[in-house]
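Take a look at this single chain, the form predicted alone, given in C-alpha coordinates.
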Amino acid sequence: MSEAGFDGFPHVLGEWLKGKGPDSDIVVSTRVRFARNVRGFPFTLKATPQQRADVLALCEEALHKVHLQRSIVTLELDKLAEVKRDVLVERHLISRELAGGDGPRGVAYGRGEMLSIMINEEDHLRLQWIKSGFDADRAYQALCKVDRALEKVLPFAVSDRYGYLTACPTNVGTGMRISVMLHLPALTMKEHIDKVFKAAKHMNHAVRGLYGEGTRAFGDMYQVSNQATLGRSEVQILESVKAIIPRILETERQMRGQLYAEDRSFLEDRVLRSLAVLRNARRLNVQEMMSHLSMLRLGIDMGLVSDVPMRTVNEMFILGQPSHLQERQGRPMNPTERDTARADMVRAMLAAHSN
(Lines give C-alpha, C1' and ligand atoms only; values in the text may rest on other atoms or scores of the structure.)
Protein backbone atom coordinates (compact mmCIF):
# COMPACT_ATOMS: atom_id res chain seq x y z
CA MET A 1 0.00 0.00 0.00
CA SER A 2 1.66 3.24 -1.15
CA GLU A 3 1.23 6.44 -3.14
CA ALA A 4 1.89 4.39 -6.26
CA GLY A 5 -1.80 3.54 -6.22
CA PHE A 6 -2.48 7.20 -6.79
CA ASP A 7 -1.24 7.00 -10.40
CA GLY A 8 -3.90 8.27 -12.78
CA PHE A 9 -5.35 10.82 -10.38
CA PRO A 10 -6.93 13.19 -11.01
CA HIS A 11 -7.37 12.56 -14.74
CA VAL A 12 -9.52 9.41 -14.72
CA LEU A 13 -12.92 9.68 -13.05
CA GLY A 14 -15.36 7.10 -11.78
CA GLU A 15 -18.31 5.32 -13.37
CA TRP A 16 -20.78 7.20 -11.18
CA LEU A 17 -19.95 10.46 -12.99
CA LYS A 18 -21.01 9.18 -16.41
CA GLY A 19 -24.31 11.04 -16.28
CA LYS A 20 -26.12 7.86 -17.30
CA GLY A 21 -28.35 5.37 -15.53
CA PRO A 22 -32.02 5.63 -14.45
CA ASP A 23 -33.29 9.16 -13.77
CA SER A 24 -29.82 10.64 -14.37
CA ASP A 25 -31.41 13.97 -15.32
CA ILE A 26 -31.82 14.53 -11.56
CA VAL A 27 -30.02 11.67 -9.80
CA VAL A 28 -26.24 11.95 -9.99
CA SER A 29 -25.49 8.76 -8.07
CA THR A 30 -26.78 6.08 -5.70
CA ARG A 31 -24.56 4.81 -2.89
CA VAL A 32 -25.14 1.76 -0.70
CA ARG A 33 -22.96 1.45 2.40
CA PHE A 34 -22.47 -1.29 5.01
CA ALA A 35 -20.82 -0.70 8.40
CA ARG A 36 -18.96 -3.71 9.78
CA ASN A 37 -16.60 -4.42 12.70
CA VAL A 38 -14.15 -7.23 13.39
CA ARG A 39 -15.03 -9.39 16.38
CA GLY A 40 -12.58 -9.30 19.27
CA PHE A 41 -11.37 -5.70 18.72
CA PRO A 42 -12.63 -2.46 20.32
CA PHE A 43 -14.36 0.03 18.05
CA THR A 44 -11.89 2.29 16.25
CA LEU A 45 -12.25 5.25 18.62
CA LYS A 46 -11.42 3.01 21.61
CA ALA A 47 -8.71 0.95 19.93
CA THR A 48 -5.00 1.44 20.55
CA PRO A 49 -2.68 2.20 17.61
CA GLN A 50 -1.51 -1.42 17.68
CA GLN A 51 -5.08 -2.72 17.60
CA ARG A 52 -5.86 -0.45 14.66
CA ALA A 53 -2.75 -1.74 12.89
CA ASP A 54 -3.88 -5.31 13.57
CA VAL A 55 -7.35 -4.59 12.13
CA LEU A 56 -5.76 -3.00 9.06
CA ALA A 57 -3.54 -6.05 8.55
CA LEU A 58 -6.48 -8.43 8.97
CA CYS A 59 -8.51 -6.51 6.41
CA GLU A 60 -5.62 -6.52 3.92
CA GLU A 61 -5.29 -10.26 4.38
CA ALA A 62 -9.03 -10.73 3.88
CA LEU A 63 -8.96 -8.72 0.64
CA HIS A 64 -6.17 -10.96 -0.58
CA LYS A 65 -8.05 -14.14 0.35
CA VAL A 66 -11.15 -13.12 -1.60
CA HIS A 67 -8.98 -12.00 -4.54
CA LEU A 68 -10.22 -8.42 -4.44
CA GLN A 69 -6.64 -7.10 -4.51
CA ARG A 70 -6.46 -8.06 -8.18
CA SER A 71 -8.95 -5.37 -9.12
CA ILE A 72 -8.57 -2.65 -6.50
CA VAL A 73 -6.12 0.04 -5.40
CA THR A 74 -5.18 0.09 -1.70
CA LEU A 75 -3.72 3.04 0.18
CA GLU A 76 -2.54 3.54 3.77
CA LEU A 77 -3.90 6.98 4.59
CA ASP A 78 -1.50 7.78 7.44
CA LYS A 79 1.30 7.57 4.84
CA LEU A 80 -0.51 9.70 2.28
CA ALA A 81 -0.11 13.48 1.88
CA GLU A 82 -3.04 15.59 3.10
CA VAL A 83 -3.89 16.90 -0.36
CA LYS A 84 -4.13 13.35 -1.70
CA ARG A 85 -6.44 12.35 1.14
CA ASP A 86 -8.61 15.36 0.34
CA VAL A 87 -8.75 14.30 -3.32
CA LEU A 88 -10.20 10.98 -2.16
CA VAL A 89 -12.82 12.90 -0.14
CA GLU A 90 -13.74 15.04 -3.13
CA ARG A 91 -14.23 11.87 -5.17
CA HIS A 92 -16.50 10.40 -2.44
CA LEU A 93 -14.12 7.46 -1.95
CA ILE A 94 -13.49 8.25 1.73
CA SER A 95 -15.13 10.42 4.37
CA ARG A 96 -13.75 13.64 5.82
CA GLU A 97 -13.54 11.86 9.16
CA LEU A 98 -11.27 9.15 7.75
CA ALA A 99 -9.13 11.69 5.89
CA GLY A 100 -8.63 13.79 9.02
CA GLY A 101 -8.17 10.89 11.43
CA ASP A 102 -4.97 9.58 12.89
CA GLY A 103 -3.17 6.26 13.28
CA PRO A 104 -3.28 3.22 11.00
CA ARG A 105 -6.16 3.48 8.54
CA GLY A 106 -6.67 2.83 4.88
CA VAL A 107 -8.91 2.60 1.85
CA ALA A 108 -9.31 0.07 -0.93
CA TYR A 109 -11.24 1.09 -4.03
CA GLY A 110 -12.10 -0.37 -7.40
CA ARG A 111 -10.58 1.18 -10.48
CA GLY A 112 -14.02 2.20 -11.71
CA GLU A 113 -14.50 3.87 -8.29
CA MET A 114 -17.79 2.05 -7.71
CA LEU A 115 -16.44 -0.04 -4.82
CA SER A 116 -14.75 1.62 -1.85
CA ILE A 117 -13.74 -0.01 1.45
CA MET A 118 -12.72 2.34 4.26
CA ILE A 119 -10.71 0.75 7.07
CA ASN A 120 -10.60 2.15 10.62
CA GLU A 121 -13.05 4.98 10.17
CA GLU A 122 -15.79 5.13 12.86
CA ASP A 123 -16.21 1.40 12.25
CA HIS A 124 -13.49 -1.05 11.29
CA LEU A 125 -14.97 -1.42 7.82
CA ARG A 126 -17.21 0.82 5.74
CA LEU A 127 -18.06 -0.89 2.46
CA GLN A 128 -19.72 1.21 -0.23
CA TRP A 129 -20.83 0.83 -3.83
CA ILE A 130 -21.72 3.86 -5.99
CA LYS A 131 -23.67 3.70 -9.24
CA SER A 132 -24.59 6.41 -11.74
CA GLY A 133 -28.25 7.42 -11.65
CA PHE A 134 -30.95 5.96 -9.39
CA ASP A 135 -29.81 2.35 -9.33
CA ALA A 136 -30.28 1.19 -5.74
CA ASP A 137 -31.05 -2.45 -6.57
CA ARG A 138 -27.87 -3.05 -8.57
CA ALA A 139 -25.68 -1.15 -6.13
CA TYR A 140 -27.12 -3.20 -3.26
CA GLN A 141 -26.66 -6.52 -5.07
CA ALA A 142 -23.07 -5.70 -6.01
CA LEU A 143 -22.15 -4.71 -2.45
CA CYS A 144 -23.82 -7.80 -1.00
CA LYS A 145 -21.44 -9.99 -3.02
CA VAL A 146 -18.43 -8.17 -1.56
CA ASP A 147 -19.88 -8.28 1.95
CA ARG A 148 -20.61 -12.00 1.80
CA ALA A 149 -17.15 -12.78 0.45
CA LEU A 150 -15.44 -10.82 3.23
CA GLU A 151 -17.66 -12.31 5.93
CA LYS A 152 -16.40 -15.77 4.98
CA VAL A 153 -12.83 -14.81 5.92
CA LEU A 154 -13.35 -12.04 8.52
CA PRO A 155 -15.14 -12.63 11.85
CA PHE A 156 -17.66 -9.78 11.87
CA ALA A 157 -19.11 -8.58 15.18
CA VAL A 158 -22.72 -9.78 15.14
CA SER A 159 -25.36 -10.15 17.84
CA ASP A 160 -28.18 -12.67 17.53
CA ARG A 161 -30.48 -10.07 19.05
CA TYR A 162 -29.31 -6.79 17.50
CA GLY A 163 -27.59 -7.75 14.26
CA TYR A 164 -24.31 -6.17 13.17
CA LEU A 165 -22.71 -4.20 16.01
CA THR A 166 -21.49 -0.71 15.14
CA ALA A 167 -19.84 2.22 16.91
CA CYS A 168 -22.89 4.46 16.41
CA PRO A 169 -26.22 3.07 17.72
CA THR A 170 -28.07 4.44 14.67
CA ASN A 171 -26.18 1.95 12.46
CA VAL A 172 -26.80 -1.14 14.60
CA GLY A 173 -28.77 -3.89 12.88
CA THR A 174 -28.13 -4.10 9.16
CA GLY A 175 -25.45 -1.40 9.29
CA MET A 176 -26.84 -0.32 5.93
CA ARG A 177 -27.35 3.17 4.58
CA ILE A 178 -28.48 4.14 1.12
CA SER A 179 -27.66 7.65 -0.04
CA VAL A 180 -28.96 9.20 -3.26
CA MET A 181 -27.30 12.37 -4.61
CA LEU A 182 -29.89 14.63 -6.23
CA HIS A 183 -29.65 17.80 -8.30
CA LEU A 184 -32.66 19.91 -7.23
CA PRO A 185 -32.31 23.41 -8.71
CA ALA A 186 -36.02 23.94 -9.46
CA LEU A 187 -37.12 23.02 -5.94
CA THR A 188 -34.48 25.41 -4.63
CA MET A 189 -35.45 28.24 -6.99
CA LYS A 190 -39.16 27.77 -6.26
CA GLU A 191 -38.38 27.73 -2.51
CA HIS A 192 -39.91 24.31 -1.96
CA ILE A 193 -36.75 22.59 -0.76
CA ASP A 194 -37.79 22.90 2.91
CA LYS A 195 -40.87 20.83 2.10
CA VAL A 196 -38.57 18.08 0.83
CA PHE A 197 -36.62 18.23 4.09
CA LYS A 198 -39.80 17.89 6.14
CA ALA A 199 -41.24 15.10 4.01
CA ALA A 200 -37.97 13.16 4.17
CA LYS A 201 -37.79 13.53 7.95
CA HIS A 202 -41.39 12.36 8.26
CA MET A 203 -40.43 9.21 6.30
CA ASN A 204 -37.37 8.66 8.53
CA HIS A 205 -34.84 9.92 6.00
CA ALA A 206 -32.29 12.73 6.18
CA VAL A 207 -31.32 15.38 3.62
CA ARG A 208 -27.70 16.53 3.68
CA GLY A 209 -25.21 18.49 1.60
CA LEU A 210 -22.81 17.38 -1.12
CA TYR A 211 -20.35 15.65 1.21
CA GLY A 212 -22.79 14.26 3.73
CA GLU A 213 -23.62 15.21 7.30
CA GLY A 214 -22.72 18.76 8.31
CA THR A 215 -21.94 19.96 4.76
CA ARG A 216 -23.65 22.54 2.58
CA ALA A 217 -25.67 21.87 -0.57
CA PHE A 218 -23.36 23.56 -3.09
CA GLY A 219 -24.65 23.56 -6.65
CA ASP A 220 -28.17 22.55 -5.54
CA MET A 221 -26.82 19.07 -4.77
CA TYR A 222 -28.46 17.17 -1.92
CA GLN A 223 -28.04 13.70 -0.47
CA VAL A 224 -31.11 11.83 0.76
CA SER A 225 -30.45 8.78 2.97
CA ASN A 226 -32.20 6.50 5.43
CA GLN A 227 -31.67 7.21 9.13
CA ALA A 228 -32.64 4.09 11.09
CA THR A 229 -31.22 0.60 10.59
CA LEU A 230 -32.10 -1.23 13.81
CA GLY A 231 -35.25 -3.31 13.56
CA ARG A 232 -35.43 -3.01 9.77
CA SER A 233 -34.24 -5.51 7.21
CA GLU A 234 -32.02 -4.58 4.28
CA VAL A 235 -34.95 -5.12 1.93
CA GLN A 236 -37.16 -2.81 4.01
CA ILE A 237 -34.52 -0.07 3.91
CA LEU A 238 -34.11 -0.54 0.17
CA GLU A 239 -37.85 -0.32 -0.42
CA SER A 240 -38.18 2.80 1.77
CA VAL A 241 -35.61 4.63 -0.34
CA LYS A 242 -37.28 3.42 -3.53
CA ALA A 243 -40.52 4.87 -2.18
CA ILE A 244 -39.32 8.36 -1.29
CA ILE A 245 -36.95 9.17 -4.16
CA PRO A 246 -39.55 8.94 -6.97
CA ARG A 247 -41.73 11.42 -5.08
CA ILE A 248 -38.87 13.92 -4.94
CA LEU A 249 -38.09 13.36 -8.63
CA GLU A 250 -41.71 13.92 -9.59
CA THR A 251 -41.87 17.17 -7.62
CA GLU A 252 -38.58 18.46 -9.07
CA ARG A 253 -39.79 17.72 -12.61
CA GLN A 254 -43.07 19.51 -11.90
CA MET A 255 -41.16 22.55 -10.65
CA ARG A 256 -38.96 22.50 -13.74
CA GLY A 257 -42.04 22.39 -15.92
CA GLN A 258 -43.53 25.33 -14.05
CA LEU A 259 -40.37 27.39 -14.43
CA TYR A 260 -40.35 26.71 -18.17
CA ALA A 261 -44.07 27.42 -18.64
CA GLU A 262 -44.27 30.53 -16.44
CA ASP A 263 -41.24 32.41 -17.71
CA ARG A 264 -39.11 30.63 -20.28
CA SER A 265 -37.05 33.75 -20.99
CA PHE A 266 -36.09 34.00 -17.28
CA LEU A 267 -34.97 30.37 -17.24
CA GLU A 268 -33.05 30.74 -20.52
CA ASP A 269 -31.40 33.88 -19.20
CA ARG A 270 -30.23 32.14 -16.01
CA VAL A 271 -28.86 29.16 -17.92
CA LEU A 272 -27.16 31.10 -20.72
CA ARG A 273 -25.67 33.68 -18.34
CA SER A 274 -24.13 30.84 -16.34
CA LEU A 275 -22.76 29.25 -19.50
CA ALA A 276 -21.31 32.59 -20.58
CA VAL A 277 -19.59 33.07 -17.21
CA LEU A 278 -18.16 29.56 -17.29
CA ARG A 279 -16.86 30.02 -20.84
CA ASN A 280 -15.26 33.41 -20.19
CA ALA A 281 -14.39 33.84 -16.50
CA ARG A 282 -10.72 34.26 -15.58
CA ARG A 283 -11.35 33.50 -11.92
CA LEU A 284 -13.95 31.25 -10.31
CA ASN A 285 -14.23 30.30 -6.68
CA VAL A 286 -15.68 26.90 -5.95
CA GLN A 287 -19.10 28.24 -4.88
CA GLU A 288 -19.43 30.25 -8.11
CA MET A 289 -18.42 27.28 -10.21
CA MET A 290 -20.91 24.99 -8.49
CA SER A 291 -23.74 27.51 -8.82
CA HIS A 292 -23.15 28.08 -12.54
CA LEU A 293 -22.67 24.37 -13.24
CA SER A 294 -26.00 23.75 -11.54
CA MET A 295 -27.72 26.08 -14.00
CA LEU A 296 -25.82 24.52 -16.91
CA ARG A 297 -26.88 21.04 -15.81
CA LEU A 298 -30.50 22.22 -15.65
CA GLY A 299 -30.17 23.78 -19.10
CA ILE A 300 -28.86 20.55 -20.60
CA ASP A 301 -31.74 18.55 -19.17
CA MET A 302 -34.34 21.05 -20.42
CA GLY A 303 -32.93 21.22 -23.93
CA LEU A 304 -31.62 24.78 -23.62
CA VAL A 305 -28.00 23.68 -24.07
CA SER A 306 -27.14 20.90 -26.53
CA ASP A 307 -23.37 21.01 -27.04
CA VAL A 308 -22.14 20.10 -23.54
CA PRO A 309 -22.39 16.46 -22.36
CA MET A 310 -23.77 15.85 -18.87
CA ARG A 311 -20.69 13.80 -18.02
CA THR A 312 -18.49 16.86 -18.65
CA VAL A 313 -20.56 18.90 -16.21
CA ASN A 314 -20.36 16.14 -13.59
CA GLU A 315 -16.59 15.89 -14.05
CA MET A 316 -16.15 19.65 -13.61
CA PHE A 317 -18.01 19.42 -10.31
CA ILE A 318 -15.20 17.15 -9.08
CA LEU A 319 -12.12 18.36 -10.98
CA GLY A 320 -12.79 21.95 -9.91
CA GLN A 321 -12.58 21.12 -6.20
CA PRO A 322 -9.58 22.65 -4.36
CA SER A 323 -7.51 19.52 -3.78
CA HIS A 324 -8.01 18.21 -7.30
CA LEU A 325 -6.68 21.48 -8.70
CA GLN A 326 -3.60 21.35 -6.47
CA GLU A 327 -2.94 17.67 -7.18
CA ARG A 328 -3.23 18.35 -10.90
CA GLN A 329 -0.75 21.23 -10.65
CA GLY A 330 1.53 19.22 -8.37
CA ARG A 331 1.93 22.03 -5.83
CA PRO A 332 0.11 23.93 -3.07
CA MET A 333 -1.92 26.88 -4.34
CA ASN A 334 -3.36 29.91 -2.59
CA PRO A 335 -7.07 30.75 -3.11
CA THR A 336 -6.40 33.22 -5.94
CA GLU A 337 -4.24 30.70 -7.78
CA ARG A 338 -6.90 28.05 -7.37
CA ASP A 339 -9.62 30.39 -8.65
CA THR A 340 -7.52 31.14 -11.73
CA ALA A 341 -6.67 27.49 -12.36
CA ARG A 342 -10.32 26.52 -11.88
CA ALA A 343 -11.49 29.05 -14.46
CA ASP A 344 -8.78 27.91 -16.90
CA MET A 345 -9.84 24.27 -16.50
CA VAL A 346 -13.55 25.02 -16.98
CA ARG A 347 -12.92 27.13 -20.08
CA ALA A 348 -10.75 24.40 -21.59
CA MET A 349 -13.28 21.64 -20.92
CA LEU A 350 -16.14 23.68 -22.39
CA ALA A 351 -14.07 24.75 -25.40
CA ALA A 352 -13.63 21.08 -26.27
CA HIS A 353 -17.41 20.93 -26.83
CA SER A 354 -18.10 24.33 -28.37
CA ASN A 355 -19.72 24.53 -31.78
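Computed from a prediction, not measured in an experiment: that's the story for all the values here. Numbers follow the displayed sequence, beginning with 1.
The protein also exists as the form predicted in complex with another copy of the chain; that form is not presented, and the subsequent description refers to it.
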Is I244 part of the interface with another copy of the chain in the model of the complex - any heavy atom within 4.5 Å? no
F266 near another copy of the chain in the model of the complex, any heavy atom under 4.5 Å? yes
According to a 4.5 angstroms non-hydrogen atom cut-off, is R273 in contact with another copy of the chain in the model of the complex? yes
Examine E288 and determine whether its closest non-hydrogen atom to another copy of the chain in the model of the complex is within 4.5 angstroms. yes
Testing 111 to 119, 179 to 187, 278 to 286, 132 to 140 against another copy of the chain in the model of the complex with a 4.5 Å heavy atom criterion leaves exactly one stretch, namely 278 to 286
